[in-house]
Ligand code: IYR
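Starting off, we have a lone chain in the form predicted on its own, written out as structure tokens.
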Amino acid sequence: MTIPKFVPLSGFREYSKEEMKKRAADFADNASRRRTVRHYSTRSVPRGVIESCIRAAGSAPSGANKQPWHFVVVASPDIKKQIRDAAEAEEHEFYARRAPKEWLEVLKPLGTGENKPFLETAPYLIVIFEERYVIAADGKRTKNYYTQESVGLATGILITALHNAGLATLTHTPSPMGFLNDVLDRPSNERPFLILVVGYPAEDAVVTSTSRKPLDDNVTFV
């Protein structure tokens, strides 16, 4: 049995109550400006910004600290086109045959459809994979636990970090997404979690007029 090694906590910062309140309020105000964007500029984004945001995502908690995620950052126009072609093929099947009528009714106010030009227009696609198990050099498999929860937490931090850096994002989940393993040459122990579209909004970008639930609808203090 491996004996865990513990080290003193370092890097934690405590603030005065007033500073804490201000930081929390400022962060909430900034986060509230985040919107899902479907119209992107072709303007380039510094790679270093993407790297820093992914480093932040990697700080997420994970089951047994297995960190069961892998991020594939796609900037190649050729690969983005392959992803778009495959995604739109799946989306066509979804909208034409697979989706229940009730689900299509829910999607209707958002104006979504099978055409996904943002998959080519945006400067980056970050494809996030969930590592279900680890394959050792000798072929032995070790299962990872709480992988969906862990990858979801990392993705949330990534979206927030990108927003904080001044970029727009869109979560895209064509179903099924197995084609991403083929296009991006990822192993079978990894399962696509989602495609995160990243870039600057187009000058004429629009978003839906939907609103967020008020705090009282989302929280209960006991």
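From 1 onward, residues are counted along the sequence shown. Model, not experiment: these values are computed from the prediction.
The form predicted in complex with the named molecule is left out here; the points below concern that form.
Engineer: Hey, of 94-102, 69-77, 131-139, 144-152, which bit sits against the named molecule in the model of the complex at 4.5 Å between non-hydrogen atoms?
Structural biologist: Comparing against the named molecule in the model of the complex, the contact stretch is 94-102.
Engineer: Pick from 32, 173, 65, 44: which residue has any heavy atom within 4.5 angstroms of the named molecule in the model of the complex?
Structural biologist: Here the answer is residue option 173.
Engineer: If we define contact as a non-hydrogen atom of the residue within 4.5 angstroms of the partner, is residue 112 a contact of the named molecule in the model of the complex?
Structural biologist: Heavy-atom contact with the named molecule at 4.5 Å: present for residue 112.
Engineer: Using the partner position in the model of the complex, report whether residue 84 sits within 4.5 Å of the named molecule, counting heavy atoms only.
Structural biologist: Residue-level check for residue 84: no, no contact with the named molecule.
Engineer: How about residue 107: is it within 4.5 Å of the named molecule in the model of the complex, going by heavy atoms?
Structural biologist: Taking the distances in the model of the complex, the answer for residue 107 is yes, it comes within 4.5 Å of the named molecule.
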